[in-house]
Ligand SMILES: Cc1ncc(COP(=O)(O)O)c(C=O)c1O
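First comes one chain, alone, set out as structure tokens in the form predicted alone.
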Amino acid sequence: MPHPLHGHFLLDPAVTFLNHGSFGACPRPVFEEYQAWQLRLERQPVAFLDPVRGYGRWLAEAREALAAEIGAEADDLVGVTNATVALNIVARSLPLGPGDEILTTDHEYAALDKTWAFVAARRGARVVVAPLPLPLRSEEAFTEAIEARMTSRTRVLFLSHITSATALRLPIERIVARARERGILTVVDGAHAPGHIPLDLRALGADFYAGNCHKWLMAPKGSAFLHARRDRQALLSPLVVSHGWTADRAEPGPFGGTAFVDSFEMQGTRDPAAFLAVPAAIRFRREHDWDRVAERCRTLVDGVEARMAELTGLSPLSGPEFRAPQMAALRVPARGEARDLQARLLEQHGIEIPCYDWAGHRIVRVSAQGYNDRDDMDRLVAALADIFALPAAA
């Protein structure tokens, strides 16, 4: 029988869904709230899309709820559709020039590797990649690996909080502080962080932080945020200049928000329902004691990671303190094509899970969310044992 929480989700019961990390899954009550906002928009679109008497006020309320969840001020964040959009805003806005360096790691999300390459090529800047030590077992080793690549030309430090391909929780706090001491702008890809790990963006102090709400926070697809320190907001320009923009960044925005908020949130006709449903996602988590649920999920991931390492003889990519709590990159034998393995797991075993190659490793990335249970993990281990002819799984 599925876990009782499975009934709160709209997932296909015929599929063992172990891929929450890619696009999340929205609980039914949150999805209904999302649809209610969409219906409200269609019933009176003129009133709804009025920036002052309509959605501007509701967006502010959603930002307040989200800010309380992530340790931020509401006026320091704006709603966007996904973390990639947020990070494109930052990358395209920063004043980079010929010879400037963007320092990053070899564990970053491929779409953002392309973003920085695109910006660097047009500005004459250079992307510098710091390889991280594997297995990752020391915050000191992590910090030293990045500091070793800093130079007098380093202008930007770009890091993931939780890496996508390798499911590592990077210990970024010290290196963010050291970068700021050197006058280096810090940009953090927190796509997997909100709802997955505790966040206090005030304490972290990164100049720019992007996060998805539609993954682990379980809001509808198309809800994310960009957070910028108050003293860095004037550096940012919207990808779309529209009604909310004002030339004087020190003045209030034209619709009652700050210049930062209005320039990004008031951009003409759009459907803001996904972001307006973020407070419903936060309420759902509280009503179901999601800290306790998350701890159960972490136990599930701990168990499947240990079992697969024992079966394959392939050790994890990090110590447990540096792995994402509810996600793990399981190393498996590199036989055939990764896409064929992913297709076989779905078609023959009914398991939806990503499989890919990263830096010479074949990875099966498992996620555990509240709708998962031990039977789901047993099913994955048994399927991989069958495919790779491994000893019987315990």
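A residue's number is simply how far along the shown sequence it sits, counting from 1. If you're wondering where the values come from, they're calculated on a predicted model, not measured in any experiment.
Not on display, but discussed next: the form predicted together with the named molecule.
Asks: Verify the contact flag for residue 278: yes if a non-hydrogen atom of it lies within 4.5 Å of a non-hydrogen atom of the named molecule in the model of the complex, no if not.
Replies: Residue 278 lies outside the contact set for the named molecule.
Asks: Check whether residue 82 has any heavy atom within 4.5 Å of a heavy atom of the named molecule in the model of the complex, and answer yes or no.
Replies: So residue 82 counts as contacting the named molecule.
Asks: For residue 77, is any heavy atom within 4.5 Å of the named molecule in the model of the complex, or not?
Replies: Contact check for residue 77: no, nothing within 4.5 Å of the named molecule in the model of the complex.
Asks: Report whether the minimum heavy atom distance between residue 284 and the named molecule in the model of the complex is within 4.5 Å.
Replies: Result no; residue 284 lies far from the named molecule in the model of the complex.
Asks: Since the chain is shown here on its own, which stretch among 188-196, 173-181, 142-150, 259-267 would lie within 4.5 Å of the named molecule in the model of the complex, judged by heavy atoms?
Replies: The contacting stretch is 188-196.
Asks: Could you spot which one of 125, 236, 112, 132 gets a heavy atom to within 4.5 Å of the named molecule in the model of the complex?
Replies: Result of the distance check: 112.
Asks: Can you tell me which bits of 190-224 touch the named molecule in the model of the complex, meaning any heavy atom within 4.5 Å?
Replies: The stretch 190-224, when checked against the named molecule in the model of the complex, contributes 191, 192, 212, 214, 215 at the 4.5 Å heavy-atom cut-off.
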